[in-house]
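There is one chain below, alone, in structure tokens, taken in the form predicted on its own.
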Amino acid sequence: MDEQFARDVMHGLSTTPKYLHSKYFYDQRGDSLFQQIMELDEYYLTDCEFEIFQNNKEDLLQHVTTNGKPFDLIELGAGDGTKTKILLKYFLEQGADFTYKPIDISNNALNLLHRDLAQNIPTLKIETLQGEYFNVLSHIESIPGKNKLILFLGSNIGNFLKPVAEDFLTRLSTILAEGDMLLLGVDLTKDPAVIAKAYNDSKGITREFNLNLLSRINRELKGDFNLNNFEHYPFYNPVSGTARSFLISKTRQTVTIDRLNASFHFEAWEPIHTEYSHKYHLSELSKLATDSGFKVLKNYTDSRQYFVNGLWRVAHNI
């Protein structure tokens, strides 16, 4: 049993209102469901980042290799690395000297990624590290010598509340060296209907992805959640620019989790908050970069202006 998982579930379900961390979506079943989500027509984020990488990989490599030194390509929240492979293959084709260091909370995802890359890109130098974002920052700091390009893609920064996002980026810039770079994937504000569909797809896979969090508690912590008693409820607020997801108890009920030696009461229609995703304006990102110790070098956007990959450079003296 993961003791941190148990502690977080205990705290989240004992709090009012109840919540569960979205980082725990990603067990083996959750990883598989998220791969299906990324293939959905409604989930535009993956296609946007694919387009950006395909169209700008040459320009990006030129920025990263201006001094001709070898570099580490460090990806936070690597997942299956699908989009990143575009850059990995191109960089190798161009003779770039780099080591790919994917970091993810899911050991299952890292193992799958390592096997896939060893088979399909055998010349790639790769070192994997399992852990949470904040916990691995010290590891990044301990990597000496080479320049660093940090990848934080897929709008993962949007999963943080805005003050937490700034704190995360500030800590990241502080431990990086002057001139190190960050490629940050960010979902932009757009037609609210487009965003709403991305979190409530017609096939119900996002619903299943959220409900799998309760299944994981049942499996790993010996809970007795009845998934039929909960419904997935996502919504997007265009004023705040935030998409939120909840699991709603459809009936008055009590859930027991044996390994926590605890029971949790739910009123009918009581929510469990599971996910937060903030959408940004480009002007907000410029300020966020400056406030957290970076300088924006370039914004790469897709043809629909749905998404941006911002290339930022650490600039402690700005």
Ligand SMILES: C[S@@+](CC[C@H](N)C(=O)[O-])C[C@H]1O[C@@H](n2cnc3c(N)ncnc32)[C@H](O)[C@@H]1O
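Just so it is clear, the model here is predicted, and its values are computed rather than measured. Heads up: residue numbers just count along the shown sequence, starting at 1.
The same protein also exists as the form predicted together with this ligand; that form is not shown, yet it is the one meant from here on.
Contact with this ligand in the predicted bound form holds for all three of E49, E132 and G154, each having a heavy atom within 4.5 Å. Here the chain stands alone, but in the predicted bound form its contact with this ligand, taken as any heavy atom within 4.5 Å, falls in 23-31 among 23-31, 65-73, 289-297, 260-268.
The listed set L176, A78, A198, L184 contains one residue whose heavy atoms approach this ligand in the predicted bound form to within 4.5 Å, identified as A78.
Only one of L214, I105, A165, L112 comes within 4.5 Å of this ligand in the predicted bound form through a heavy atom, and that residue is I105.
Although the partner is absent here, L40 is not a contact residue: none of its heavy atoms lies within 4.5 angstroms of this ligand in the predicted bound form.
Residue contact with this ligand in the predicted bound form: K83 places a heavy atom within 4.5 Å of it.
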